[in-house]
Structure formats: C-alpha cells, structure tokens
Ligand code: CP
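The chain that follows stands alone, in the form predicted on its own, written as structure tokens.
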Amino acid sequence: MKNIISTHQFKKNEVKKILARAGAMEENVKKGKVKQILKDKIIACVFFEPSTRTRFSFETAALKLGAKIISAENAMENTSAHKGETIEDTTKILCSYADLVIIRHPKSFSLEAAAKVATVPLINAGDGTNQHPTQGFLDLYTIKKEHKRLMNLNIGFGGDLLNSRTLKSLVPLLRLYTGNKFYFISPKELRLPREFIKELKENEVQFEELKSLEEALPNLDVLYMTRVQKERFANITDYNKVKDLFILKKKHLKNMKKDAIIMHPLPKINEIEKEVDEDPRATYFHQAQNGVYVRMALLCYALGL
C-alpha cells in the first residue's frame, strides 16, 4: 500500500518511473488502447472543498482504467463531517468501502492524520495550504513535455505564494534536479512562509525573492502564475488589497523568452489577461489535460499495479 500525501516522500528514481508511466498512459489514451488495469476496483473521491480539474481528472483517470467511482463533491455539507465526524473516522469508513481513497480537505495536514488510520491507499488531493502532490506531478510532467528537460531551468512563481500548495508541491520535485533556480515574485503580504525560505537556504537552493514580474520575466523558462485565494483570507478587505497586484498582461509577453512557458493550476480569475490565452507559450490548458495521464499513473502506483 502506497499513500500519496506529500511530494517530499518521493525519491528521484520513483519520480522518473511515475513520469515515464504517465507518458505511456498518454500514448495509450491517444491510441485508444488503455488496459483496464483497475477493473473491479472501487475508487472513492471525497472532496471537502470545491474542485473542477482535480476531481474530474481523477474520476476520468479511474474510469479510463476500468474502475468504478463513489464520490462526494460537497463533503463538508453532504457527509457526516457536517455532524462533526472527524477526518479519521470518515477515513476508516471510506476504507471499508473502497480500494483507494482520494480526499481534498480545507485543513492543512489533515491528510497526514487520515493516513495514520487508512487501511487502503490514500491520495491527498489538496489539504489546505499545505500540499497538493498530484498537482506537483502533473506540473513536473508538463515542464518535461514542453522543455524536454527538468534541469538547468529558471522557474518563476508569481502571485499568492503564501497560500500556494501547488508551489509547495512542485518545488520539492524540481529540487531533485540540478541547476534549477527559483524566482518567488509576490507582494510582501503574500510572500512565501519564512520556514519554507529557511529550508531552501539550509539546502543551498538557488532562489531570489522579487516584488515585480517585470524584473524576472526576461530570465524565465517557466512562469507559474497563481490565483490570489479569496477563500484563504479572514476578511474581504485584506483580499481586496492584494487581489489585483499581480496581473500578467499581453504587453508583458514581449519581455519573455520565445520558448518560455506560462503555467497556472487554474482556476484563473483576473491574474492573467484573457488575451494571453492565445499566446503559444500559455500552457495551462494543456497542463490541466496532463492531469488525466499523470493521475492514471499515480492511481496505479498507489495500488501497486
């Protein structure tokens, strides 16, 4: 049984195998030759927070592999969590019904608690501002597809870095590869937690913290924009102060490398002008599609198949 709780748990050889499996899954899907590896398996998808891409791509991945799905899309209201049931008790019950359980939860580190009582493989589909490991893998897969390498890259993250579980999941994977440098671009109010920065310094990771997109754009091979997450703010006033500070505009594109890529975990609100969607460097919709292939590979990994 292999839980997928955090990208910190993976070694480079495991990552290599998962990316290769995802590539094979993509090829098989496009050829219409997907083997029903998960036939007779039941996958539980239980989302305590809203989701479009993660939930539907997981369910699509499971169905393509022959599994059956049981799911809850508004589990905070539509399960016994509404009555006060703990994540541990919910997990125990789900494990008695399904062969693998996928959970998204608003509380950071809740999946670590769930994993302690899980009796079938458990996959973290996002826990608060902590981790979103399968997003990290699909992001890594996207970068490899687009750049044909995972080393010697300049990667910029722009926007709400304080609350970005996607950044916190992707950076540990990219750190497995040599020569990468990170640019963290945000207003002071949304900069990365200091404990994250401390860890980077202790591990001698190359990075810079910047306050403007314009300063970083000419150097970047990857620009990863993030949404200012309204749901993470205690009050609307604080959100309104920062929501429009980082917007990637069409005029910025002329300052980017011709082979750079623009990524975003989606949904995007106003942090990327709509006109940017038409630029061939805008990769975020392909990025979302890659989630199906990567999650197919990760389902098989977790089940040992």
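Worth saying up front: this structure is predicted, and the values here are computed from it rather than measured. Note that residue numbering follows the sequence shown and begins at 1.
Here the subject shifts to the form predicted in complex with phosphoric acid mono(formamide)ester, a form of this protein not shown in this document.
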Seminar exercise, completed: Checking I70, V29, L63, L266 against phosphoric acid mono(formamide)ester in the model of the complex, the residue with a non-hydrogen atom inside 4.5 angstroms turns out to be L266
Problem set entry | Contact test in the model of the complex: Q135 vs phosphoric acid mono(formamide)ester, heavy atoms, 4.5 Å | yes
For this session: Could you confirm whether N255 comes within 4.5 Å of phosphoric acid mono(formamide)ester in the model of the complex, counting heavy atoms only?
Result: no
Exercise. Contact between H105 and phosphoric acid mono(formamide)ester in the model of the complex at 4.5 Å, heavy atoms?
Worked result: no
Exercise. Does phosphoric acid mono(formamide)ester get within 4.5 angstroms of any non-hydrogen atom of T52 in the model of the complex?
Worked result: yes
Seminar exercise, completed: Counting only non-hydrogen atoms, the one stretch of 269-277, 246-254, 36-44, 52-60 within 4.5 angstroms of phosphoric acid mono(formamide)ester in the model of the complex is 52-60
